[in-house]
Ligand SMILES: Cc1cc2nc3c(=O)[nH]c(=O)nc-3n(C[C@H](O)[C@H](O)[C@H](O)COP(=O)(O)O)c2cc1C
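Let's start with one chain on its own, the form predicted on its own, as structure tokens.
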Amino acid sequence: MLSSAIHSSEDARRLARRRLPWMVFDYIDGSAGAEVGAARNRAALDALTLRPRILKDVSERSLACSVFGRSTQRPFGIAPMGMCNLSAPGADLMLARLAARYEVPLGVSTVASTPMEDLIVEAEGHAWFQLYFSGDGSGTFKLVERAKSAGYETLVLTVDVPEVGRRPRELRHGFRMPFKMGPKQVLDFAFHPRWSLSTLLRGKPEMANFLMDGYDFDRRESRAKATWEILARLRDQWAGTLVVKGVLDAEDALSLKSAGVDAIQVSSHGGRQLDSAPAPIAVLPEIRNAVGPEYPLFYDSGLRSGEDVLKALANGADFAFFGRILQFAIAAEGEEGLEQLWSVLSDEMSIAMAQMGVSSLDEVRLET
């Protein structure tokens, strides 16, 4: 039986805050600078409305759609998130199993705490590999070849991190990757024994994709050498589907389309990079107008409910991705909590569709 403790994403966050060490919670929850950017996006999402319609037969509704020709049971997937196993041991694999059950994309982060090979198997092929360009790119292109060998068909290049944003909340705790312990962290963990003991039994989370010969990853290493020439090289090397994530400018979107990128993901990295960035939901319609109605356009950042996904679809997105709230559900109640929150998000969306008088996602887009 599923847990009844999670009835909204805020329930999951509240429980996670209680159960996670302060350092880990603030790493997952925190945003750049004064966190005004994250608040700006949340306010922009809250300000959007959905139009209720009455006396329509909406007794049968579908949340199904397709992405790159592959059917999915939901119009939302799982955003790539680094070091998910900090939320609970085995969190990466829980997310992969969820992706397999609902046939939705699992974003596998460059800094995942489970090897990319294991995750695509557990997700039954429903996995996309997210890539950062770092340093001189030599390690980056090794990861591309490794993803290709593992069977990944979709690569997601994240381009909004030329330098890692300053997140004061995690900096105050001395958060580092690779993970290092000091007196402050030991005290923090001592006050959260449930998390600490379970993590100790399973071993310290590591950046699993870098446990290979000839590659030492430094999270703080500059990513500022990524250029349009690098993108062209990547496009030539990657025969599969290429998505570029972290786009907030219509001119950039048009250039990416012209460069042969297969889809764009409108995103502010969940507010974790540039505190002064515009709200992604506010620029989404402008980008849709620029790239045209048929070009695949995805969305993430700040989504907290099924209604939020409907707002993204109504404003130009074809598909959306949830991020940190899924980690909160895992931290709160493990895999059972993850399933409960996913069910909540699905119910929220289906009920809102009924209230809008629509039965399919195509009708949602036509309503705008």
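On a predicted model such as this, the values are computed, not experimentally measured, just so you know. From 1 onward, residues are counted along the sequence shown.
Although not depicted, the form predicted together with the named molecule is the subject of the following passage.
Visitor: Is E333 close enough to the named molecule in the predicted complex to count, meaning some heavy atom within 4.5 Å?
Guide: Output for E333 is no: heavy atoms all beyond 4.5 Å of the named molecule.
Visitor: Is F322 close enough to touch the named molecule in the predicted complex, meaning at least one heavy atom pair within 4.5 Å?
Guide: F322: yes, in contact with the named molecule in the predicted complex.
Visitor: Is D308 one of the residues lying within 4.5 Å of the named molecule in the predicted complex, judged by heavy atom distances?
Guide: Because no heavy atom of D308 falls inside 4.5 Å of the named molecule in the predicted complex, the answer is no.
Visitor: So, F298 and the named molecule: in the predicted complex, are they within 4.5 Å at any heavy atom pair?
Guide: Contact check for F298: no, nothing within 4.5 Å of the named molecule in the predicted complex.
Visitor: Counting non-hydrogen atoms within 4.5 angstroms of the named molecule in the predicted complex, say which of P75, P205, P80, P105 makes the cut.
Guide: Only one listed residue qualifies here, and that residue is P80.
Visitor: Decide yes or no: are S134, N209 and R233 jointly within 4.5 Å of the named molecule in the predicted complex, with each residue judged by its heavy atoms?
Guide: Zero of three within 4.5 Å in the predicted complex.
Visitor: Given a 4.5 Å cut-off on heavy atoms, tell me which of 333 to 341, 298 to 306, 311 to 319, 54 to 62 is the interface stretch with the named molecule in the predicted complex.
Guide: The contacting stretch here is 298 to 306.
Visitor: Going by the named molecule in the predicted complex, which residues of 255 to 285 come within 4.5 Å of it through any heavy atom?
Guide: The stretch touches the partner through S267, H269, G270, R272.
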